[in-house]
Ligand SMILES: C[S@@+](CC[C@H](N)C(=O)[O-])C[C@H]1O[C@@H](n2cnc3c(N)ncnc32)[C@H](O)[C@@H]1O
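Next comes just one chain, in structure tokens: the form predicted on its own.
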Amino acid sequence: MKHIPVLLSAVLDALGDISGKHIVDCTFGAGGYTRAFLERGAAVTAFDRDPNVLVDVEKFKTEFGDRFNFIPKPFSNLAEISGPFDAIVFDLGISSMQIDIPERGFSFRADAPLDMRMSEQGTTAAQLIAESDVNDLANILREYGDVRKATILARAMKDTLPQTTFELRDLIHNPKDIAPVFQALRIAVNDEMGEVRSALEAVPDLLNAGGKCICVTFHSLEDRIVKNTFRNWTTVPGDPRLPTVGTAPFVAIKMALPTQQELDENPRARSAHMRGVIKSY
């Protein structure tokens, strides 16, 4: 399936005129956001931990020269780079190219090793199942997939130790639980929620005054982290029971959802939310 950047128009509208500005794209993926920023005259520093993006990275370096810089690391390493920047953008969750390569083991629609590692390093989903006890595995299924009969399913997974996507899929008796189980394991394997929290902690110190942080989320867990973080940033500091004269460190940008036209063109956008903030000082 052709890669279509989700909520790109909304992101570009929120960023405004970016010519001559320096933007961090924390999730390079197939390069959709990065290309749009570069074509509008910005310089881009991009992160991605997936080694499969390197072919596109080399093409971008050839096409855009020193306006494009790539860091082959997870975006949780954001604090390691030196700002300030005019915008930091996150397109969270799994990328379409990861789903569309069956041997990566992200999808239950094709039989493949039960891998799910975005970086292709570390513990696979099959190893996570083997190394976790029933309680820990059940907690993963509940917390990251909202799976109701999590303990029963966790015990079945421990008893059979699935090695492929189809072996795992066939353990799940309720078809409605298949996608949530795969999501839960993927989030745990890649520490996706920890990645988001770590990266967001670094954002305030890396933005110029007037700089923007834009996040596109795809499920409630990551969206809750972003929403709560942005709420804290846009709250006036001090005791709310007392008169205050300060201003909040950030101002909120209006949330955006996919238009019907975008949903018609790209069904994968159906759960997307865009949230953003502008740094006040």
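In this text, all values refer to a predicted model and were calculated from it rather than measured experimentally. In case it trips you up, residue 1 is the first one in the sequence shown, and so on.
A second form of this protein, the form predicted in complex with the named molecule, is not displayed here; the remarks below concern that form.
Taking heavy atoms only, is P162 within 4.5 angstroms of the named molecule in the predicted complex?
-> Judged by the heavy-atom cut-off of 4.5 Å, P162 is well away from the named molecule in the predicted complex.
Given that the partner is absent here, does G29 sit within 4.5 Å of the named molecule in the predicted complex, heavy atoms only?
-> It does: once the named molecule is placed as it appears in the predicted complex, G29 has a heavy atom within 4.5 Å of it.
So in the predicted complex, does any heavy atom of M118 sit within 4.5 Å of the named molecule?
-> Looking in the predicted complex, residue contacts with the named molecule include M118, since a heavy atom lies within 4.5 Å.
Indicate whether the named molecule has at least one heavy atom within 4.5 Å of a heavy atom of E195 in the predicted complex.
-> Looking in the predicted complex, residue contacts with the named molecule include E195, since a heavy atom lies within 4.5 Å.
Triplet H22, K61 and N208 all within 4.5 Å of the named molecule in the predicted complex via a heavy atom = Per the other structure, none of H22, K61 and N208 touch the named molecule.
Name the residue from T124, Q183, S95, S107 that puts a heavy atom within 4.5 Å of the named molecule in the predicted complex.
-> For this set of options, the contacting one is S95.
Name the stretch, out of 228-236, 61-69, 249-257, 46-54, where some heavy atom lies within 4.5 Å of the named molecule in the predicted complex.
-> Every other range fails; the passing one is 46-54.
Of 62-92, which residues get within 4.5 Å of the named molecule in the predicted complex if you count heavy atoms?
-> Residues within 4.5 Å: K73, P74, F75, D91, L92.
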